[in-house]
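Here you get one chain, nothing else, as structure tokens; it is the form predicted on its own.
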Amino acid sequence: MKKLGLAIVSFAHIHAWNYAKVLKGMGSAELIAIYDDDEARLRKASELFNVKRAFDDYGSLLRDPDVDAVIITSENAKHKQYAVLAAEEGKHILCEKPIATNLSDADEIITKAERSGVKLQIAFVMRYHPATVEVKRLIGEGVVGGIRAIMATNHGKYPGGWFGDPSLAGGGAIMDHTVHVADLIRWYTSSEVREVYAIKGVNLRPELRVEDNALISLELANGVVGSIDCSWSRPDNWPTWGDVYLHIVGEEGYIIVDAFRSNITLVLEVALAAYKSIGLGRPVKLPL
């Protein structure tokens, strides 16, 4: 079976280097070409990953018949131009989040992909994390009953570089760190957000031209409420990058997800059992 030929479009995003490492070890796909509008990055990536087809002209890469799909890992504001051109050339697309920096660009990408008959995916990688997948299974089995609220955090360090340039990033921590947990909330509730209220605090890094902390409150169409702390609140010397953490409150229990530690805590009927224990004056076995 022919391997899927993939090209990485720009190494501006920090995740591009990890995509390349993974592709070099895959059996069903291979990294055959790269493009970058930055000469130094292009040279570094082609040497590091031993990619012979290194293009500084995007059109030339798209005309390569061995390229079946592209992974777009450029600055956020450039997603539209790269995605639209790829769709026009019949190349499937995996685009790093966010899809774009405004609704008009996002709609154009989606419309162009649909009309061209190519697959378009956004890199919501947390849907494939073992811990979050297990939580989806537990919710689907009704282990905690109907979901009433989800509190989530996606803390991290300030990535630096173009992430602090609003013209390239489209925003700061809100643009960068809202999408993963917002997508998980939608996935877990099978509902869409209908109302948003957000506040941002005084920047932890006053020199930035974008926000580095914020708190978002959500209400979903099915009545579930949620919150997202998307702040770049980790200092540069913090020993780990950050977190993806969710506290899911159900009618019959709750789940705490600490995805980067691959840890899930499932609590059922504890409060009711506590009341029963007080009334009986002895320990109470679960489940009730």
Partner chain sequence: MMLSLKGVRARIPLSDEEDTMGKVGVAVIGAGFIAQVAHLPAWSKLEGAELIAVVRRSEARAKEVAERFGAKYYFTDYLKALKLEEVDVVDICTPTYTHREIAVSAAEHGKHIILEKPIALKLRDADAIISAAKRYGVKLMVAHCLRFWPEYVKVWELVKEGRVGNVRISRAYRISSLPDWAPWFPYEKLSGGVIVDMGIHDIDYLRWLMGEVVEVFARGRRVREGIEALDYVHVLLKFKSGSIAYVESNWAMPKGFPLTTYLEVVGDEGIVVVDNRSTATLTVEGRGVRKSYTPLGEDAYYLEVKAFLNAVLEDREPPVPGEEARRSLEVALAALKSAKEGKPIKLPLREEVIS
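Here the structure is a predicted model, which means the values were calculated and not measured. Positions refer to the first chain, counted from 1.
If you look for the form predicted together with the partner chain, you will not find it shown, but the lines that follow are about it.
In the model of the complex, residue 250 approaches the partner chain with a heavy atom inside 4.5 Å.
Residue contact with the partner chain in the model of the complex: residue 155 places a heavy atom within 4.5 Å of it. Under a 4.5 angstroms non-hydrogen atom cutoff, the partner chain in the model of the complex lacks residue 103 among its neighbouring residues.
Not displayed here, the partner chain is approached by residue 219 to within 4.5 Å at the level of heavy atoms in the model of the complex. The partner is absent here, but in the model of the complex a heavy atom of 149, alone among 149, 125, 110, 133, sits within 4.5 Å of the partner chain. Heavy atoms within 4.5 Å of the partner chain in the model of the complex are found in exactly one of 95-103, 207-215, 113-121, 81-89, that being 207-215.
In this stretch, 115-140, not one residue has a heavy atom within 4.5 Å of the partner chain in the model of the complex; the partner itself is omitted from this view. Inter-residue distance, residue 262 to residue 122 (Cα): increased by at least 3 Å in the model of the complex versus the depicted form. CA of residue 139 to CA of residue 262: farther apart by 3 Å or more in the model of the complex than in the shown form.
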